[in-house]
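Just one chain is shown here, as structure tokens, and it is the form predicted alone.
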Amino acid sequence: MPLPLAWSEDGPKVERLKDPTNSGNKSLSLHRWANWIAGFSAEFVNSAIDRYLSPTGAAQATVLDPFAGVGTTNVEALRRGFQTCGFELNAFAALAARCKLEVARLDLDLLRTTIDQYATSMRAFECHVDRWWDALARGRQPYPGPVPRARPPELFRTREPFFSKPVELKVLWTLDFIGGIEDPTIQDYFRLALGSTLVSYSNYSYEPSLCSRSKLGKPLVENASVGAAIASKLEHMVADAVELRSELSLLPQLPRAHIVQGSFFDALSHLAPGSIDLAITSPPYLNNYHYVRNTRPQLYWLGFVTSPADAARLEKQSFGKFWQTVRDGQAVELCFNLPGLESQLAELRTLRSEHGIYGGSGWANYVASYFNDSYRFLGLLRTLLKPGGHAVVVVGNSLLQGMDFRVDEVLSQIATLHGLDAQVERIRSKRVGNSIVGTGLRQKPQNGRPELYEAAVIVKR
């Protein structure tokens, strides 16, 4: 087996990490199953694996992603023959990652048969719905056809109707079909196909946050072929599963691979100290992108949450919290000593006090909460890494109320507080997000346009 470019007989060669931008994943096998905002590229993951792990020790090495998202790190580690595990709090993302890693044990014949059954059922049902919608003055008459048993999630609220009436009927029929699938693994693949397509035939869109189409000046979706969208997604899954299984058949043994749906802060209930060779991850950025709110459609329609209280519990468990959850509480103090950061926070608290929680004090609580979680994260990472093990943590700086918080530099300093060796490698000098500088939440600094970038914080135990 030839050695990867980043390795020689004498050990690893330090080469630049690849661009982490994940747009290329949308067309890659397995990765195309579900898009995830701010994920990173398969190419980036492989460049980190090439740099820090020897291919000859694949069967014994374990790759971890503490914030797995839809499983990019875990899929690439599995392909390379490494043991891999991931933690993901968001149930929809965890479903996507888990489905990808279960491919090796998937009953493909049963999946194909079930897809055919679904396509046949949906074609007949959609004919009823489409005839009613087209012929009866756009549904002004009551729907006369077969009625789904499933009901829309009762407490899911949106300003615009999330689905048009015909689309909603088709989604409910799909939920009935999924509920009748006996095999839980096959059922998961159908749930993922529904969750990864449902925004595309809804009256909402990602721009990149979830927003109504009418607010964006786009027409509402009056009708759509839900069955075709879901069946197409499932066919992609079958094709990609065949490809991955062919790759895995060449490995000496099938690596262990699993996803824990839960917080990484509970990792010691699942992993032994000193068991991880390499961690590759990207925690939520200090930019308040609200993963829970932006996956509300998937979480509600797939039954992962049933009420705002369920969603609120997820928000409170999320890494770094969200500005909305900490802005109006008592002042949050750092749980560790870093004088430079403390000075920055003190200055932030004084800014725009006339705006109350929308001024600097609310944002200071968010920043302090974020770095307190970062301190816990890096301490736990130190416990889990083997001596000599590495972690590659991708982060970006953030501009809050006109102040530049260089998250990479702060995380590097926190790592040293935990006794880890740390260095920072700039991997992208310009990232998505520049367009929001100068808006109400990210005030533009007085001395010129700031630079938004991404960096890898590389730590070694």
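Counting begins at 1, following the sequence as shown. Not measured: the values here are computed from a predicted model.
What follows is about the form predicted in complex with a small molecule, which we do not show.
- Figure note: of the listed segments 202-210, 88-96, 108-116, 176-184, the one touching the small molecule in the model of the complex, with heavy atoms no more than 4.5 Å away, is 88-96.
- With the partner removed from view, the residue among P283, P255, G227, P297 that has a non-hydrogen atom within 4.5 Å of the small molecule in the model of the complex turns out to be P283.
- Scanning F163, F264, F82, W363 against the small molecule in the model of the complex with a 4.5 Å heavy atom cut-off leaves one residue, F264.
- Using a 4.5 angstroms threshold between heavy atoms, N288 stays clear of the small molecule in the model of the complex.
- A residue is said to contact a partner when one of its heavy atoms sits within 4.5 Å of a partner heavy atom; W36 meets this definition for the small molecule in the model of the complex.
- At a distance threshold of 4.5 angstroms between non-hydrogen atoms, N372 is out of contact with the small molecule in the model of the complex.
- Contact check for Q317: a non-hydrogen atom falls within 4.5 Å of the small molecule in the model of the complex.
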